[in-house]
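The chain below stands alone and is given in structure tokens; this is the form predicted alone.
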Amino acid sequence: MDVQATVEECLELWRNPYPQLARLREEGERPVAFFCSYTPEEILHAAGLTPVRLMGAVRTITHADAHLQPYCCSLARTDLDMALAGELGFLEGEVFVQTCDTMMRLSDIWRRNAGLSFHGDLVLPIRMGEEISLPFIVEEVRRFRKQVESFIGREIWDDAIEESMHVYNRNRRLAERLYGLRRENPGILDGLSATACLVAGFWMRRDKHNELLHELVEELGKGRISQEERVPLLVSGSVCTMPDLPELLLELGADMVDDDLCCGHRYFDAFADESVSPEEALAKRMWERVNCPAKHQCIEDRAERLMRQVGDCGAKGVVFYLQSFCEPHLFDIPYLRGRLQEELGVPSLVLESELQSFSRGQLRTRLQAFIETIRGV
């Protein structure tokens, strides 16, 4: 396997996944969009559908402003704008998970205006991780399964979901191994390359992504790749919609050695228990995994996990990378920054990005100043 060639292909996919999504439909796949890492993709996969993640695009809004206020996050606005412009016609449908206020309202707007064949909703409790919420999640997963069955016109057998859970669990183990190799051998693969190879799986059949990750892990396991010493940073936030942030870190002599992103480490966190019923297994994974800030959980737990990650990967600083107006993440920032500084002496930087007015130059200036501060320049 040519690691560099694979990385370049994944990077190109990350920069613009939409032509690839159109090709999936032409190749006989049935793409269904999702927006949140809480989506039980295994049910869609078992139904013969291909879950694909929408993460926005750099574009000028032409249609979405008639439905969403300008202070809604740019992920919601640009995804909706593409749908209303007829650019997502290769999709068979979409799945929304009840998370933040914007995404809950976007679900109704999308259902009424996007014109796709399937619309699924998954309503999760605000208080995750508590005993009282697990039975509710199990019932929601069961209801979602029935929604998908109604759409495809047949029952989804338990063994099909169990097989899909095995496929997705293997994907999580491979992703975990990829991140582990980076911790064990700093410099073996930079953060840009590792993240590109991970997020590429959002836009291909999961079985194919497993093959890619398996070959990559096998190749990287053969030896250490030398690399110049860089300032190690951890990036925390929602999603990196584009590769600009890790690209800039490399240009400035730093590297993203780990992340706390819902398109990264939080995405493959926790496994589905293959020894229990499919609905219980999928529900329990959502219930046990590290929570999104849009869900209620003791904030001390999130801070403890973040500090453990910083210690494990040896990060010298944390970059909080958020979409503008993302209130659930912004509410947590002051507490998290305080704990990092007071208990670990680790500095942090908060960056906000908006896809309609993305400024790489401004991002570069602030990152450069932060990295120089860590270096003591």
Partner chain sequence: MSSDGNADARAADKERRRIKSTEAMRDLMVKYYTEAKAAEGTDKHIAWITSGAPVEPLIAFDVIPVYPENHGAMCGAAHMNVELCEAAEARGFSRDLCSYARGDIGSALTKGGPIGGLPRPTFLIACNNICNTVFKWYEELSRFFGVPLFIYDTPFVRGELPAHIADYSLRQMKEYISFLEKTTNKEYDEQHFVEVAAKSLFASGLWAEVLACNQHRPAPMTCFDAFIMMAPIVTLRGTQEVVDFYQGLLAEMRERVEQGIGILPSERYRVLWDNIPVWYELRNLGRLFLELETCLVADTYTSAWTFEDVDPSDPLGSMSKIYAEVYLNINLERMADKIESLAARFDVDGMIMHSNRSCKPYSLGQYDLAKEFTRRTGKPTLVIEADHTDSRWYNRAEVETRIRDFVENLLGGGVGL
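Residue numbers count along the first chain shown, from 1. No experiment lies behind these values; they were computed from the predicted model shown.
Same protein, other form: the form predicted together with the partner chain, not shown, and the subject of what follows.
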Fill in the blank from the handout: Residue within 4.5 Å of the partner chain in the model of the complex by heavy atom, from H214, R127, R183, H166, is R127
Completion exercise
From L68, I61, C313, V58: within 4.5 Å of the partner chain in the model of the complex by heavy atoms is L68
Problem - I109, P135 and E327 all contacting the partner chain in the model of the complex, non-hydrogen atom within 4.5 Å - result: yes
Handout entry: Proximity of E140 to the partner chain in the model of the complex, heavy atoms at 4.5 Å
Key = yes
Practice task
Report yes if any heavy atom of E87 sits within 4.5 Å of a heavy atom of the partner chain in the model of the complex; otherwise report no.
Solution key: no
Practice task
Evaluate P334 for contact with the partner chain in the model of the complex, applying a 4.5 angstroms cut-off between non-hydrogen atoms, and reply yes or no.
Solution key: yes
Exercise for the section: Evaluate R206 for contact with the partner chain in the model of the complex, applying a 4.5 angstroms cut-off between non-hydrogen atoms, and reply yes or no. Expected result: no
Completion exercise
Here the chain appears without its partner; judged in the model of the complex, the stretch of 99-107, 197-205, 158-166, 261-269 with heavy atoms within 4.5 Å of the partner chain is 99-107
